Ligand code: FAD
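First comes one chain, alone, set out as structure tokens in the form predicted on its own.
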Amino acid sequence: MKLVQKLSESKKTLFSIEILPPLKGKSIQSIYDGIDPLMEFKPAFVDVTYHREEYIYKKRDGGYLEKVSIRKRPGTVGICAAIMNKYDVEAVPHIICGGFTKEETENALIDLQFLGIDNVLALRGDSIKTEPSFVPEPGGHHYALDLVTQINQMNKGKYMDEEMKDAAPTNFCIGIAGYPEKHFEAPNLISDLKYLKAKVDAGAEYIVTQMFFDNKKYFEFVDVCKQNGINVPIIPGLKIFSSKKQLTALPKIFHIDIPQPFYEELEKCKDDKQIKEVGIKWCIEQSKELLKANVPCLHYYTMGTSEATRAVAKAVF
């Protein structure tokens, strides 16, 4: 079922999670172990992230360096199929620009359609560590807007081979990312919203936000989206603080602010156990306020663990 249909039919705020594929060589059981404790809250969908290839240089005989491609977390498509089969819940794979040609994207979407996966989250993706900025694959998309356009064209039965006749249209519900504190590459929020609206106009049907720790930023983001003609459901993305190192890592990686009252509470913590307790408490209060505002869904970035998310969900749902 399309997520927009789920959202429109539900009379209450839904619950959903995002998970990481296991590292290469690890069992899918770790995925099940992370989802099982959360099934009592009936997640409306499970997002599965996609991690593109990276490159390392290995020293070979003779002293020369060989560029080797590695993929640390493969399996997004297979994991989505397994989740849907095991739990009878919608799985949403991330589809990214980085590392894919347009033809490879088309083939991946065909595979997803064959598996009965109706929902995708279309993202540009991050640059790899060896590149200072995002570099598209030769023959690939540079922007998420182009990716959304390609998916929507396939929904209309238009494939890359223009000579194809009577091609079966796909039926994907397309989600995109939104940034209440703006994307770090955007010069300002208004310019960021211009590109967000372009993606909605190109066929995106819902938005999932980057994590935030100040609900005011989310509410302001929703308001300014509406003012700019963006009227699709906007799902707040929430993250539970769990370690001291996240005090510096999360703002650096995700370009987000930590509210001063929250920061002061986290700073008082002596160890990660206390950090997690404060993080859970803060996320519960965030969730309750958002729930009271009748947001369409509360989406939790679990990072593959369920303990903290379960504590929050138990207090909120």
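Not measured: the values here are computed from a predicted model. From 1 onward, residues are counted along the sequence shown.
The following text describes the form predicted together with ligand FAD, which does not appear among the structures shown.
### Query
If you check Gly125, Pro233, Pro136, Gly203 against ligand FAD in the model of the complex, which one has a heavy atom within 4.5 Å?
Selected option: Gly125.
### Query
Is there a non-hydrogen atom of Cys173 within 4.5 angstroms of a non-hydrogen atom of ligand FAD in the model of the complex?
No, no contact at 4.5 Å.
### Message
in the model of the complex, does Ala177 come within 4.5 Å of ligand FAD, counting heavy atoms only?
### Response
Yes, Ala177 is a contact residue.
### Task
Using the partner position in the model of the complex, report whether Lys197 sits within 4.5 Å of ligand FAD, counting heavy atoms only.
Although ligand FAD is absent here, Lys197 would stay clear of it in the model of the complex, with no heavy atoms inside 4.5 Å.
### Message
If we define contact as a non-hydrogen atom of the residue within 4.5 angstroms of the partner, is Leu247 a contact of ligand FAD in the model of the complex?
### Response
Leu247: no contact with ligand FAD in the model of the complex.
### Query
Can you pick the stretch from 239 to 247, 184 to 192, 153 to 161, 100 to 108 whose heavy atoms fall within 4.5 Å of ligand FAD in the model of the complex?
Answer to the contact question: 184 to 192.
### Contacts with ligand FAD in the model of the complex - residues in 197 to 217 whose heavy atoms fall within 4.5 Å
Contacting residues: Lys199, Val208, Thr209, Gln210.
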